[in-house]
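Below you'll find only one chain, the form predicted alone, shown as structure tokens.
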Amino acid sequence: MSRLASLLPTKPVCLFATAAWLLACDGPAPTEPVNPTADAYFDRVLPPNFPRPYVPESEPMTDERIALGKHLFYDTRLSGNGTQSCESCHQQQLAFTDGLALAIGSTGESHFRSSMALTNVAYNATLTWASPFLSELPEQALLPMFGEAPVELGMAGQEAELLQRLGDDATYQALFAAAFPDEAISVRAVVLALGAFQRTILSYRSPYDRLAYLGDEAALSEGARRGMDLFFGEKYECFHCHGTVNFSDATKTANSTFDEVLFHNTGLYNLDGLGAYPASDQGLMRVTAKPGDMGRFRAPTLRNVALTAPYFHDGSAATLDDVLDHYIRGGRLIEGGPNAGDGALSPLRSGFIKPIDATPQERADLLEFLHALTDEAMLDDPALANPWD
């Protein structure tokens, strides 16, 4: 059982409806107890008909916990080298990712995966690129702080030192007392507060949202509208893996009735003709040891996708154009080197990935729609900014 499993109950996405376009929608009314503080926060922030994230009842989202979590998120005292914070890999101006192909830990170690954007992380049914078991934000926060394979913030074995650093700071003494009035400063309180703040990293003000949730017919250009129709159509099939309110099929809302724990092999690699990925990262198979899970990864949100280059789990696509090349071809062809192979011939490739007879106009329209998912207001929202500045 996880270290924080007792803190968090589990469970539950969305489907799509269409008029001229398809919109994310809610399922039936929730059957689990609501989280009053989370409900109050999201009612205050989100548009009325925008689906609310699911938040376990045991994780109150009070203003005090959110404030504490924001201070912790931006604090370099949470790293072994004293120079890195959560922000180092999750920068607001980059939609809470880092712009690197592969993340760099506090020891200078290069990781084997790209930092995932934290945009709308509250909606993720599972966390990280390929883990079916990690779905709780407080538990996930333990990995970057204390994980050793790879080393991220590098605090393994320094829990007491971490708590000492925080306890010696008058600002934290007040923040912890307000957020957790009946508790001493603890790792548990740290990760619960980080989870509360991360749930406030919300994208809901893009041009697409203004059309879909506010009815602003002028929000999208004609090209973006055509691109939206392609995105949600069967020729390009994008919506199968990037549907729902969060543009990812692995999404959970307050009204979800079942878990969407989904992973996909998109044909990025095919080293042996049988679908093999590089040994450095074979996706879900690293966790399950099942051969059929080779190269399967969670579909990340496409919200703010124009800002989160490079792309894919290993940052191997530099631009959105490269990504479209991959999907339009139906898999990536690597003609030489250690990773040579034709992903389009992988027997493990998702059935949704197939060659597309794309026209230059369609390609341009799709790109325009993807750019219409950028929430500019989120990028300089003071509520998400570094409180230590």
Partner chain sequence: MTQLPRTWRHAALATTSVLALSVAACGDNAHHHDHDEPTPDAPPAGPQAVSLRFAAAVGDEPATCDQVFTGFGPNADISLQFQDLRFYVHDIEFIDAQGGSEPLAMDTVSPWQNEGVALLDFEDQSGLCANGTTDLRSIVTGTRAAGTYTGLRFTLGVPFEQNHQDASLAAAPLNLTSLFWNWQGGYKFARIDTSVEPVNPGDPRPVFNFHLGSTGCDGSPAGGVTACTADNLAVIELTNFDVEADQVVIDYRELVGAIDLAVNGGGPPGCMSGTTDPECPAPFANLGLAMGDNSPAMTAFVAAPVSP
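This one's a predicted model, so the numbers in the text were calculated from it and none came from an experiment. Numbering follows the first chain given and starts at 1.
In what follows, reference is made to the form predicted together with its partner chain, a form of this protein that is not presented.
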{"query": "Heavy atom of each of G157, V261 and A289 within 4.5 Å of its partner chain in the predicted bound form", "finding": "yes"}
{"query": "Answer option from L211, A309, L102, L143, heavy atom within 4.5 Å of its partner chain in the predicted bound form", "finding": "L143"}
{"query": "Listed residue that, although its partner chain is not shown, lies within 4.5 Å of it in the predicted bound form (heavy atoms), from S88, S106, T200, S135", "finding": "S135"}
{"query": "Stretch in contact in the predicted bound form with its partner chain, which is absent here, among 123 to 131, 270 to 278, 173 to 181, 90 to 98 (heavy atoms within 4.5 Å)", "finding": "123 to 131"}
{"query": "Touches its partner chain in the predicted bound form: D216 (any heavy atom, 4.5 Å)", "finding": "no"}
{"query": "Heavy atom of E148 within 4.5 Å of its partner chain in the predicted bound form", "finding": "yes"}
{"query": "Interface membership of V245, its partner chain in the predicted bound form, 4.5 Å heavy atom rule", "finding": "no"}
{"query": "Contact test in the predicted bound form: E139 vs its partner chain, heavy atoms, 4.5 Å", "finding": "yes"}
{"query": "Contacts with its partner chain in the predicted bound form - residues in 176 to 195 whose heavy atoms fall within 4.5 Å", "finding": "R188, V191"}
